[in-house]
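Just one chain follows, in the form predicted on its own, and it is written as structure tokens.
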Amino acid sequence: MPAHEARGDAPREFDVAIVGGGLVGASLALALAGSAARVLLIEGVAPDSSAQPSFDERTTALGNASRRIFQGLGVWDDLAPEAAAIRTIHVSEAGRFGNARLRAEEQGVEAFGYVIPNRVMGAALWRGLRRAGGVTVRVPARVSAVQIAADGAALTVLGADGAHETVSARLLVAADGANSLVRTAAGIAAEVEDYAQVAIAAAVETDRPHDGTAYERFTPSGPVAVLPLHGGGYGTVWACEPARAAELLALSDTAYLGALQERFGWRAGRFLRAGRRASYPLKLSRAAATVGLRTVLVGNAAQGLHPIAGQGFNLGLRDAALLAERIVGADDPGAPELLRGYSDSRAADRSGVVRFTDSLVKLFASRLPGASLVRNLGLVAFDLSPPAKRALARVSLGFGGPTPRLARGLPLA
């Protein structure tokens, strides 16, 4: 772990203070570790703690652009041994004839992406921070007060030992999640839409190893994602109504597997064993702006998405990659013109991903007369359209605006 520097009464001065050391915040810190910027990373929970909510048994499907970013950060070699390649994507709707398949080889790529447990990614990023050095870390610690002015931000940092420290930064980065304290301190509002769904995530073992297929199955109560895992099993995410989720969480493993099998079907084989179940409510949150005075929002602090199509973390990682690109070499990383330029550059990608995921949720949740028929005809049409498949295969590069250098396999600067 980068050494904790001695605390004193005088404020410590940094160029960039990142509040939140989850997947996006740690990625940004690692991207800046080799730069001339003086970087502070503040995280409330030790990365190797079982209480760390960002690094749990949930899985994330990394697109190829995200894989290249991790390669540029020097952590992909740590991740690759536990990554499962997605070579086929299968989309269907329960009880209907329509389905669509995308095959990586038909799109000229080795894989559409890679499924990795969040705990594995978190551990790799923090190992990368230890190796790289150059980042001052406060963990476990939390920000107890924020003051933002035209020339920078002042933070009061409360350590686990109860000691207070005052630090200043020319740029304050909110990577502290959907309920961001920094966003509130910056006076940036957020719109939250409750999907009235709860996601239940669990790893399952089956009676046959996977073949690299990722399944997205839409049901009347919500989508079920079944993603291949290293070792042959699957990571499952079942979205359903809150009352039904409470019932499912109370079931024995055997009863839960039976319910999941009935809902999903047999395409992945017979479900034999389930790991620990985790649950979380599904909401769409959107900050009114991604930048403010001396402040920038990244990841879930800027936008929290439904896990459908697996776009949330990939979007947040592109946030971090482009922000690092703009910070490196800047005379003033918190200058208004730099932040406006960053925000403008990310606007098309952000709005495109939000619109894409929100539309999918609502399209497949609609119970209007004829909606199911339209969805199924759409799946059939998509399955027969090579241009549509090529467009979807390029989603990992973003929905518009400049692609970060790291996402293109180029050095940060």
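Position 1 is the first residue in the sequence shown; the rest follow in order. Source: prediction; values computed, not measured.
Heads up, the form predicted in complex with a small molecule isn't pictured, but that's what we're talking about next.
Taking the partner from elsewhere, Phe218 is found to have every heavy atom lying beyond 4.5 Å of the small molecule in the predicted bound form.
Interface membership of Arg263, defined by any non-hydrogen atom within 4.5 Å of the small molecule in the predicted bound form, is ruled out. The small molecule is not shown here, but in the predicted bound form it comes within 4.5 Å of a heavy atom of Gln311. Contact check for Gly177: a heavy atom falls within 4.5 Å of the small molecule in the predicted bound form.
Heavy atoms within 4.5 Å of the small molecule in the predicted bound form map, among the stretches 137 to 145, 246 to 254, 74 to 82, 321 to 329, onto 137 to 145 alone. With the partner omitted from this view, the residue of Ala287, Ala153, Val226, Ala199 that lies near the small molecule in the predicted bound form is Ala199 [heavy atom within 4.5 Å]. Only one of Val39, Ile42, Leu28, Ile69 lies close to the small molecule in the predicted bound form, with a heavy atom inside 4.5 Å, and it is Ile42.
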